[in-house]
Ligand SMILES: Cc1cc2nc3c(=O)[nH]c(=O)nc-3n(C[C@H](O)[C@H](O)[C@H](O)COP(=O)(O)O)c2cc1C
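So this first bit is one chain, no partners, the form predicted alone, shown in structure tokens.
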Amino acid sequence: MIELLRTRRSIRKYTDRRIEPEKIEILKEAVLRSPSSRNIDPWEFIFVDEPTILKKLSQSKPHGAKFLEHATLGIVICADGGKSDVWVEDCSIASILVQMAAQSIGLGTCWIQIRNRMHDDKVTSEDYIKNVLNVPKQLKVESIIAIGYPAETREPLSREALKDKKIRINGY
């Protein structure tokens, strides 16, 4: 696991190679194994591999989503906020776990923040996505994880680049 953390980088450029069905199944299993507070599992996952839909989703906000258009998979991570008061945390855990699972099978990923973002001056990113995907009203959209075979290589951060001063021992 530490090697995955050491080499994980956000990937925003992807090849057009399709992800094999067995790898998609691994990603599905990964999100469904994600822990949630009190085992409520408020999350729901929408796997999108249709290029025209990925293109629409890439327009969900003015900055930080355009690269989704060239990914071969996007996972929209949602939850029923009425089921759990910590749905944001549960969705965040699922988001990072699926990224690590993807990394472990040779795929690149990048998190796209949706919650509290705007599509334009009047429409939230969440409402835009709900409209594109016909997401039920009671669900909240946390993030989209862009996934594909990397078309770029990013060097891992060195150990020296880590911010050790962010760690305190036995108190602040």
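Just so it is clear, the model here is predicted, and its values are computed rather than measured. Heads up: residue numbers just count along the shown sequence, starting at 1.
Although not depicted, the form predicted in complex with the ligand is the subject of the following passage.
**Asked** Does the 4.5 Å heavy atom contact test between Leu57 and the ligand in the predicted complex come out positive?
**Response** Looking in the predicted complex, residue contacts with the ligand do not include Leu57, since no heavy atom lies within 4.5 Å.
**Asked** Looking at the partner-bound form in the predicted complex, is Cys110 within 4.5 Å of the ligand by any heavy atom?
**Response** Output for Cys110 is yes: heavy atoms within 4.5 Å of the ligand.
**Item:** Contact flag, Thr15 vs the ligand in the predicted complex, heavy atom cut 4.5 Å
**Value:** Contact check for Thr15: no, nothing within 4.5 Å of the ligand in the predicted complex.
**Asked** According to a 4.5 angstroms non-hydrogen atom cut-off, is Thr153 in contact with the ligand in the predicted complex?
**Response** Answer no; every heavy atom of Thr153 is more than 4.5 Å from the ligand in the predicted complex.
**Item:** Which of 26-34, 132-140, 59-67, 40-48 sits within 4.5 Å of the ligand in the predicted complex, heavy atom basis
**Value:** Heavy atoms within 4.5 Å of the ligand in the predicted complex occur in 59-67.
**Message:** Under the 4.5 Å heavy atom criterion, name the residues of 1-20 that approach the ligand in the predicted complex, in sequence order.
**Reply:** Result: Arg8, Arg9, Ser10, Arg12.
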